[in-house]
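Presented below, as structure tokens, is a lone chain in the form predicted alone.
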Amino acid sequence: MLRTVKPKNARSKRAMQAREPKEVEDPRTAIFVKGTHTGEKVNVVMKEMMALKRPNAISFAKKNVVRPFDDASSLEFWAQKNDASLFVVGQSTKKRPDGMTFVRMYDNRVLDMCEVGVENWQSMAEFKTPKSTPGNKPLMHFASELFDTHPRFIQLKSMLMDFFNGEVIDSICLSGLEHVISVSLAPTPSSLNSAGAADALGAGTSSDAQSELKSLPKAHVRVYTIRMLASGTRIPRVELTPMGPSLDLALRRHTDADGEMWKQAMRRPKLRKQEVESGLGKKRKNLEVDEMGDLRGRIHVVKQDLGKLQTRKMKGLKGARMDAAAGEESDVSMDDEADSQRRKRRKGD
């Protein structure tokens, strides 16, 4: 592991601050590592997956003696040195040919791993169609109920989502969607309908689970470009064109995340709520921040006298009110005249 040192100048200080945890993290950087023995298929697959991941991708040109399931110290060293949180390790052996291992890191430590085998590979060069812009955020599509119920496919879905997610955005522009990555599975076999079979496969340690691992359906990964055509309405007509690459992934070995480490990795920051409340000074009554980070207040109004409530003025009642007011004024004037005459009579007497 790299030792922690204090920054000696402003440049190194800015570099260390850029690696600190943030409320909204930067796009994940993936490192592609070649093992001691990699076939031509694995090399091409990793090269084209790196093309989909760019510019947040680093490729090691030399071969390395790395075995993620036995010793992950090299991966932790590279993760801290390159500020990366994802690894794709390519290795092809006689027992496990054409294999790739997805490794996810947290705090420069291995969180979980998933090994897959590449089958039915088709390169981008075989599809004579337009390609998407490098670095563009893709649209992810998962078509199977096992991605929400089976633990192995839940892990695979989470891995692929973190790998291709890219930058976190607040809104989506339809014209900015250029390609979609579709991951589908074969029909669910009857052996996976029971919960016990899923638990046995999720453990992945017994010999029975290893034998039943072959019965899991393969994941079909397809990449399409998106064309939006006029449809006569506000919603455009969408057409998908195969862009490549096209490959099938067979699940192999895996390592689940530690419970305590997974809990820390899934913890949500509270900086947004603190920022909102920081402008309030001391804690005030009847003010709170909801789950979405919006400030909400409660207002208490005193009891109103509805007898003095101003009602709506209507034109139909305007003339009647004027006549009534004129009648009252005439009555008052007549009473004044009668009072004045009485006073004169008394003075004459």
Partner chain sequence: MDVSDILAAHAAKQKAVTVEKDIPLQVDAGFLTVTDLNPVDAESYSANLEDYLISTARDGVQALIGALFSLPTTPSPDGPLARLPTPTTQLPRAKPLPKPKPPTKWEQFAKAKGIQHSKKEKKVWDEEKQDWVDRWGWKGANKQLESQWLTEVPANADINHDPSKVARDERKARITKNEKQRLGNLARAQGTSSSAAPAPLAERKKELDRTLAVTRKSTASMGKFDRTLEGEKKPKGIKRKFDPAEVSATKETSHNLAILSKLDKEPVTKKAKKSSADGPPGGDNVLNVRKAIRSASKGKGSAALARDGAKGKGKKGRR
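All figures in this text were calculated on a predicted structure; none of them were measured in a lab. Residue numbers count along the first chain shown, from 1.
What follows is about the form predicted in complex with the partner chain, which we do not show.
- With the partner omitted from this view, the residue of Lys128, Arg268, Lys81, Lys214 that lies near the partner chain in the predicted complex is Arg268 [heavy atom within 4.5 Å].
- Shown alone here, Arg14 lies farther than 4.5 Å from the partner chain in the predicted complex, counting heavy atoms only.
- Using a 4.5 Å cutoff between non-hydrogen atoms, Trp262 counts as a contact of the partner chain in the predicted complex.
- The partner chain is not drawn, but in the predicted complex it has no heavy atom within 4.5 Å of Asp71.
- The partner chain is not drawn, but in the predicted complex it has a heavy atom within 4.5 Å of Ser175.
- In sequence order, His220, Arg222, Tyr224, Ile226, Met228, Ser231 are the residues of 216 to 231 having a heavy atom within 4.5 Å of the partner chain in the predicted complex; the partner itself is omitted from this view.
- Relative to this form, in the predicted complex the C-alpha atoms of Gly166 and Leu111 approach one another by 3 angstroms or more.
- Pairwise change in the predicted complex: Pro134 and Gly166 C-alpha atoms lie farther apart than in the shown form, at least 3 Å.
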